[in-house]
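Starting off, we have a lone chain in the form predicted alone, written out as structure tokens.
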């Protein structure tokens, strides 16, 4: 039986006609000093099917369970109690996810008891005194119009045993955990403790990170909105830069270990001269350093815009081994550091420079989700509820190759998705900015 949608038949011929043989070397042979990721028609192909076919399928091919409603469910809806917790930093779409879960539980499955645990994992530890909220459709109906999370959030680890004690005391059968990689690691530990105690409780994660750094996913919710807001900051930097003699607009965007927001904001704005991300090493000084290339760009164009991800250039600064509440190393603040170094560089050369520094981080993360993320969050919430009611646990719901799927938590918590400097996204940035691939 073919499991693919019948309304879109598989194409019988995907051949693209060409005008004739290509005999001229592409001017894109080297982008920013490195080889371009050229494609070969006969080799670089994208598979049409994203689903396995029941007949003749290759069982050796890795595949995910497809998300969606199951004909049979594990939990009896009238007897089921659900909990929701949001953890970590704010992100556009959190309220959309909460709203979607509550509505799906109430209206489609008839689950009446849905609790919201306040202020992240602290809300699951009774000694903090954060009273859970009983969530009903009427209490979450307008939540998607606002940024942030109606449940509050917090960072940091909590005692796994105490959190599971709370789930037992409140007879919570399903816990939806909304957060990034640190939060999902906590969810995996909760699932293991539940299994160790021999309990029958489902833990389902919904991946949240502005940085878009969750592995094995097309994207995380909130990313579309975040880089949309970031583009506005980049446009403002461009206006400031072009309105002054030797104007420089410097924008710091989120991205501790992954530079996706910086890359996409630069591509969307198309008026950025340098993009600095954690995945690509750069130096400031010397003939091949950023400062010299910036000087040349100002001589040629009279202005420049620089977009830097917060985790870029950490080797340039003196940093300590301190960690934050989530256990992440505290990074140096690359934005003010670059601002000071750029100003000092041009001062020693007695050259006028007018630098405007913009840090829109808290604006980017606190805005309401845009229409694209509204839809994405709604579908994530729906599929999370379907999975949990079917008794799926120690998993998260996400999208892969355009399809919503179930992924084991252990698969995604052991690493981060990063920009690959050898692949097309970064080469597109190099094409767009005209910056050298190597600055050292």
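All values reported here derive from a predicted model rather than from experimental measurement. Positions refer to the first chain, counted from 1.
The form predicted together with a small molecule exists for this protein as well; it is not shown, and the discussion that follows is about that form.
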{"property": "Candidate stretches 225-233, 149-157, 268-276, 164-172 - the one whose heavy atoms come within 4.5 Å of the small molecule in the model of the complex", "result": "149-157"}
{"property": "Among the candidates 263, 102, 87, 206, the residue which, in the model of the complex, approaches the small molecule to within 4.5 Å (heavy atoms)", "result": "87"}
{"property": "Proximity to the small molecule in the model of the complex, single hit among 360, 182, 335, 311 (heavy atom within 4.5 Å)", "result": "182"}
{"property": "Triplet 186, 189 and 328 all within 4.5 Å of the small molecule in the model of the complex via a heavy atom", "result": "yes"}
{"property": "In the model of the complex, residue 121 touching the small molecule (heavy atom, 4.5 Å)", "result": "yes"}
